[in-house]
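Before any questions on how it binds or moves, here is one chain, the form predicted alone, in structure tokens.
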């Protein structure tokens, strides 16, 4: 299979209200048990939707029945497809924020992070702790909503890269240096001081209502295809108006 166009699918949990119980049989026994363990309804519904969307989209990308897909985790805890018969399985990554769920699929290592646009009470304090000097400068120069958006934009760039590599807390956020100027395209400047490693990656921003979203993919250039995932994509269900 080939996914030279990077796919991004996003959805609102409320779009699938009343359908969650019908989705459970689409999941593996282990996923169903994980869903049951969520005590908060919103978190449970978000998990179920994320897994259904993941299986549906990976099934389309790989030509495998979604319910038959199996997964494993790498040494850093990042999940990957572990389905017999797939010589070159697609890479994927999930993210969520509030009622939003987003998924990125590519044929290279990929990561995605999404954050609802909101007030960040400790933006300056967090930037001082986790951002590079130039990143901090851009955040500190702004006020109000502009400061919040600048902070969240930089944050999603860093997280998208860390999720793509699976490193997570294995690398300090400050070591992932990004392009902080919102007037310029997103990008990585250096990874732990290594500019060559940064140049191997492309960052892309997705236009999703009420959110800031960044995708990181390990290739020097990429095209992003963005679509909203609705009940109609699963077949036999009404489209979202």
Ligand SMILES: CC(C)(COP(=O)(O)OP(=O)(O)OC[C@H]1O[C@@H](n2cnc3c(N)ncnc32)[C@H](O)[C@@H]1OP(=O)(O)O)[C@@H](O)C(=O)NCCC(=O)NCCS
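What you see is a predicted model; the values in this text were computed from it and never measured. Residue numbers count along the first chain shown, from 1.
Although it is not shown, the form predicted in complex with this ligand is what the next lines describe.
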item	value
Listed residue that, although this ligand is not shown, lies within 4.5 Å of it in the model of the complex (heavy atoms), from 84, 77, 133, 144	77
Interface membership of residue 34, this ligand in the model of the complex, 4.5 Å heavy atom rule	yes
is_contact(residue 159, this ligand) in the model of the complex, heavy atom dist at most 4.5 Å	yes
Residue 55: touches this ligand in the model of the complex, heavy atom cutoff 4.5 angstroms	no
Residue contact check: residue 117 to this ligand in the model of the complex, 4.5 Å heavy atom	no
In the model of the complex, residues of 88-104 near this ligand [heavy atom within 4.5 Å]	93, 94, 95, 96
